[in-house]
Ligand code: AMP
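Just one chain follows, in the form predicted on its own, and it is written as structure tokens.
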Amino acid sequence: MKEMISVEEARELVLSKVRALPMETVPVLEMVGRVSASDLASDIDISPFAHSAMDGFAVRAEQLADASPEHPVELDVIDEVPAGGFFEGTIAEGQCVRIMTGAPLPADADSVVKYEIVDVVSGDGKPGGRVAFAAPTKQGSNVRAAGEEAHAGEVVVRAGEVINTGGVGFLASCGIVEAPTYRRPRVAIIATGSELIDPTETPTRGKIRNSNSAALAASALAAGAIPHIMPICEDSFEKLREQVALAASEYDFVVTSGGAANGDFDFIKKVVEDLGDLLMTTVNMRPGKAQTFGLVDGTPVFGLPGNPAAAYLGFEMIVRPALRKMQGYTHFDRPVLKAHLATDVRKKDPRRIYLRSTLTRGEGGYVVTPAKNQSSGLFGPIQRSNCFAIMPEGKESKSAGDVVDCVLLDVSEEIAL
């Protein structure tokens, strides 16, 4: 095991140890944002019949071939077809049918002329009246053909596709009311530290509220997983060992925070090594150098640092991709944009630094403004940030106007920029 590995190596290591979870079938509404685990086919043609794309008059295009403003073609309106209705008769010479949006096109009509460009000669444009057309129309104009979007038996969603809100409607129109997807990973969240108390309590001297569990559970939820916050674990090898062993036996992924470094009360590395296979201990990143990863009875266990920013960064860059893979996703990289620094950034640490930052659009392109306070112990800058501005490995400082890579935190991995 290498003493320190890159962020990319860490992520690939974790990804190599997880796989998609077993499939489950869920109602189509629950497929929003999830991955289809199989090809899905329509049971009918979509649309099942040719229908009008707007309110107007159904005609045969040949009837209006000679129509012009000087010599309009007048036709009798013989019937009206609302959405949900139909016309079974024939349209003779000199006749047309008034039709509403979504209504089936009469069998011997091939075009719809929208209501707004037709003149009423007599009556009110409804059956029994007469209307005039001042221009020709084309076959198929304002008509949505039968099977325009899909045919019966045609695959409409491929295995591996992520279903969005429109996709749910599409599947419903195809008669698909439930679909197979990959089970969401159940993630155990364990905060360690004898100084921690529940957020409902008021801290006394030497105590602080456990905020990491809430933040990491929220991050797991945002990644599509199902988080479970376990009781706070005091700084004890035996207690942590007991908690991790229990979590690894009941959940798909275990995430701890705190106790990942080398202090007298840092036990997660020893616990993972004692219970299973310790595969990683440090990553070349700041904040969050101390990142523990291993397997306990085949269950991935990830030990994040206790500082909020360090835990958040480790989760976003390494844990989140693993949770996505377990759900069948194939894209693991957040989109990256290049932006001009708004301020100078001095760099003394040779590690790769991820600055909590805000990305905005300026006149000359994107501008990124790092938070003034980059302390790893603060949640506030994370709340006000929408990206990580990356300072590459080495000690080279950056000046205002220099271009840096920015990892977007509020854009899906499926988006290619």
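Fair warning: this is a prediction, and the values are worked out from it, not measured in the lab. Don't overthink the numbering: it's just position in the shown sequence, from 1.
Beyond what is shown, the protein has a form predicted in complex with the ligand; the following relates to that form.
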| in the model of the complex, segment of 277 to 285, 86 to 94, 328 to 336, 257 to 265 with a heavy atom within 4.5 Å of the ligand | 257 to 265
| query | Which of V155, L221, I208, A107 has a heavy atom within 4.5 Å of the ligand in the model of the complex? | reply | I208
| request: Taking 4.5 Å between heavy atoms as the contact cutoff, choose which of P321, P185, G306, G294 touches the ligand in the model of the complex. | output: G306
| message | E195 versus the ligand, in the model of the complex: is there a non-hydrogen atom within 4.5 Å? | response | yes
| message | With the partner left out here, check for me: in the model of the complex, does some heavy atom of L75 sit within 4.5 Å of the ligand? | response | no
| request: Determine whether any heavy atom of A191 comes within 4.5 Å of a heavy atom of the ligand in the model of the complex, and answer yes or no. | output: yes
